[in-house]
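Just the one chain here, laid out as structure tokens, in the form predicted alone.
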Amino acid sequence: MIEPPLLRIGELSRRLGVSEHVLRAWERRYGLLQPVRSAGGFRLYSEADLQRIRRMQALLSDGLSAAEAARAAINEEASAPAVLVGLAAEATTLARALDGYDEPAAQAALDRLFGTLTVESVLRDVLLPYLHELGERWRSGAASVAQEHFASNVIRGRLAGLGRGWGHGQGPRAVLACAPDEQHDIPLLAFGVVLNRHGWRIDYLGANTPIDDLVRLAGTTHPDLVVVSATQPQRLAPLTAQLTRLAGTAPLALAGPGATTELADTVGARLLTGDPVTAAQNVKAR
């Protein structure tokens, strides 16, 4: 197996959205990072360091102090093999229930997952991978349209429940919408759930949203961020003029496999990369 590359602290900071100063403080105070030295004497950080910081970020968002979050992240890593075995077993149980149209069993599996793990872990490590794999099976003919619709609706309903009341509060405001003709909204829902857990208020418009409507809404509510998501480039490519107008009305970000660096640069938007959970954790209001 090829080991993931070791990272300099600047790259680690960029990926996590945490300043180098804070990372060094967490390393010094709590032993949260365990770098190795390069031949030139530079500190290099591993994938394990990156995941440890992500776990600490999740614990901080749950209200723990920095010391408590660091201690919990380190202790959880020590018990990770058992946790991973349990996670894999529960993910398998959930997949079998969804594939078998067994809604009560699927809800029970989701209850156990959300009761044991953070929302971020369930989304990033279980639900989004399952949906990706289900989509691959559907495209190959190994899963039916009915299976895809059933599983998607169960998961969408659960995420909608997690987002209940997410428009309340005093934090920055984000408007989330899928591009015109885009029906795949679950990744955007997951993004919104995590963004809300980081203090944002969410206005969720969902699938197939006209860009002109977004322009009018942004001009009225003045959100701190508008996110437009698409799974295919052809959903966004014909909308350059409208997206440029939207970016001139409110800070705009493009997300999903259909968003490209070239288009984001052309219309004056930022590009959200990575999985929806990590992208939401890294978003900051301008």
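Predicted, not measured: the structure shown is a model, and the values here were computed from it. Here, rigid core means the biggest group of C-alpha atoms that superpose within 1.5 Å across both forms. Residue indices: 1-based, along the sequence shown.
What comes next is about the form predicted together with the DNA, which is not displayed.
*Gly31, Ala72 and Ala91 all contacting the DNA in the predicted bound form, non-hydrogen atom within 4.5 Å*: Not one of the three qualifies.
| query | Is there any non-hydrogen atom of Ser19 lying within 4.5 Å of the DNA in the predicted bound form? | reply | Looking in the predicted bound form, residue contacts with the DNA include Ser19, since a heavy atom lies within 4.5 Å.
Are any of the heavy atoms in Ala67 no more than 4.5 Å from a heavy atom of the DNA in the predicted bound form?
Yes.
### Query
Wondering, does Ser38 line up within 4.5 Å of the DNA in the predicted bound form on heavy atoms?
Looking in the predicted bound form, residue contacts with the DNA include Ser38, since a heavy atom lies within 4.5 Å.
Notebook entry, point to check: Can any non-hydrogen atom of Gly10 be found within 4.5 angstroms of the DNA in the predicted bound form?
Noted result: Gly10 belongs to the contact set for the DNA.
Problem - Partner-proximal stretch of 250-258, 213-221, 42-50, 227-235 relative to the DNA in the predicted bound form, 4.5 angstroms, heavy atom - result: One stretch meets the cut-off, namely 42-50.
Check your understanding: Under a superposition restricted to the rigid core, does Leu272 display a Cα displacement of 2 angstroms or more between this form and the one not shown?
Key -> No, because once the rigid core is superposed, the C-alpha of Leu272 moves less than 2 Å between this form and the one not shown.
State yes or no: after fitting on the rigid core, is the Cα displacement of Arg245 between this form and the one not shown at least 2 Å?
Arg245: C-alpha displaced by less than 2 Å between this form and the one not shown.
Check: With the core lined up, does the C-alpha of His222 move 2 Å or more between this form and the one not shown?
Finding: No, the C-alpha moves less than 2 Å.
| request: Could you tell me whether Ala70 and Gly169 have their C-alpha atoms closer or farther apart in the predicted bound form than in the shown form, knowing the shift is 3 angstroms or more? | output: Pair moves farther apart in the predicted bound form.
(request) Report the direction of the Cα distance change between Gly17 and Ala250 in the predicted bound form, compared with the displayed form, as closer or farther; the change is 3 Å or more. (result) Those two alpha carbons end up farther apart in the predicted bound form.
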